[in-house]
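Next up: just one chain, as structure tokens, the form predicted on its own.
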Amino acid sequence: MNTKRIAILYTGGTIGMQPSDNGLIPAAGYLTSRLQQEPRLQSGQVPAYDLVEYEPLLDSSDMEPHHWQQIAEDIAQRYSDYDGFLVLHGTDTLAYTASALSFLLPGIDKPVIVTGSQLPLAEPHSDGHDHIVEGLMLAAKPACAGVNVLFHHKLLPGNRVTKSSSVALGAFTAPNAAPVWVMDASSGPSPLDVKTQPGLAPQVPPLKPCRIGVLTLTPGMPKAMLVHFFNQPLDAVILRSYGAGNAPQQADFMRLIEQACEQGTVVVNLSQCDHGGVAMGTYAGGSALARAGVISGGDMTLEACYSKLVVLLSHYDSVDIIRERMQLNLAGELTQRD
């Protein structure tokens, strides 16, 4: 008999939607009825749970940073009452939320499992059934402490994932990180029977509105477009460059970058490639960006970089400190405890 207790935070998304004349829609109370029909949740091997249903339920496309903070605060408020947490979330921006939670809850010593589904529970072959059952089991494992994403029987580091498919059941990948856990015959169904000492509830920092621009380089971008972009009042820019972090070396473009850095805008260089990352000293194009004041994003995903910038810009006033913190734990070392 499993004696652990898990809090399920249901924010919305495909997993709990039901059919309507206008397509799939969220419906208050619907998820509760679906869970009561899942026989595996009554087996005694899966931990007990309490369901917290958000009002209103949101399509993840409508998620904003203040929703990240709400989820983190809800976890902190319930921290001493539960052994772990399962966050049910729409898939479109799930990687942003998981990344943000990892930075809002650094050093958390209980599992926070973020998951959703490609097919709603109303569908007979929905992947949501397995995700909820496996998510509850993994949320009871002290070895899975921290913020992680569960999808298609794999547990992946929360700030290393990206949604790489809109149709495949294995929608999420971690291009530069190994799975934390793989569900197979040797890992379930019985959770690890390990006792944990409850830690202190995390202190969630407040998030402030941030102006972050994302610029994806393409060959022959018009100068007027670049000038317009950099004329915006931006706190930070994520520059999605080519390959190992390369960009055009034309004087006009480099001057725009230099001016942005001189004016206190944090400019982070991310590769457009999923696998690998930025190595700004490899080619002249990357070295020129470094001399202009651009900092390396290493092998961060776009979602991790964006959410980390939001947290740092909300917490620090010093541009130098933000730049320093952005460069910590790069090249495969970006951890949830940063």
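These numbers were taken from a predicted model, which means no experiment stands behind them. Don't overthink the numbering: it's just position in the shown sequence, from 1.
Here the subject shifts to the form predicted in complex with a small molecule, a form of this protein not shown in this document.
Enquirer: Is there a non-hydrogen atom of Gly90 within 4.5 angstroms of a non-hydrogen atom of the small molecule in the predicted complex?
Expert: Output for Gly90 is yes: heavy atoms within 4.5 Å of the small molecule.
Enquirer: Heavy atom to heavy atom, is Ser60 within 4.5 Å of the small molecule in the predicted complex?
Expert: Answer yes; at least one heavy atom of Ser60 falls within 4.5 Å of the small molecule in the predicted complex.
Enquirer: Would you classify Gln118 as touching the small molecule in the predicted complex, given a 4.5 Å non-hydrogen atom cut-off?
Expert: Output for Gln118 is yes: heavy atoms within 4.5 Å of the small molecule.
Enquirer: Does Ile322 reach the small molecule in the predicted complex, with heavy atoms at most 4.5 Å apart?
Expert: Result no; Ile322 lies far from the small molecule in the predicted complex.
Enquirer: Out of 65-73, 52-60, 38-46, 278-286, where are the residues with a heavy atom within 4.5 Å of the small molecule in the predicted complex?
Expert: It is 52-60 that comes within 4.5 Å of the partner.
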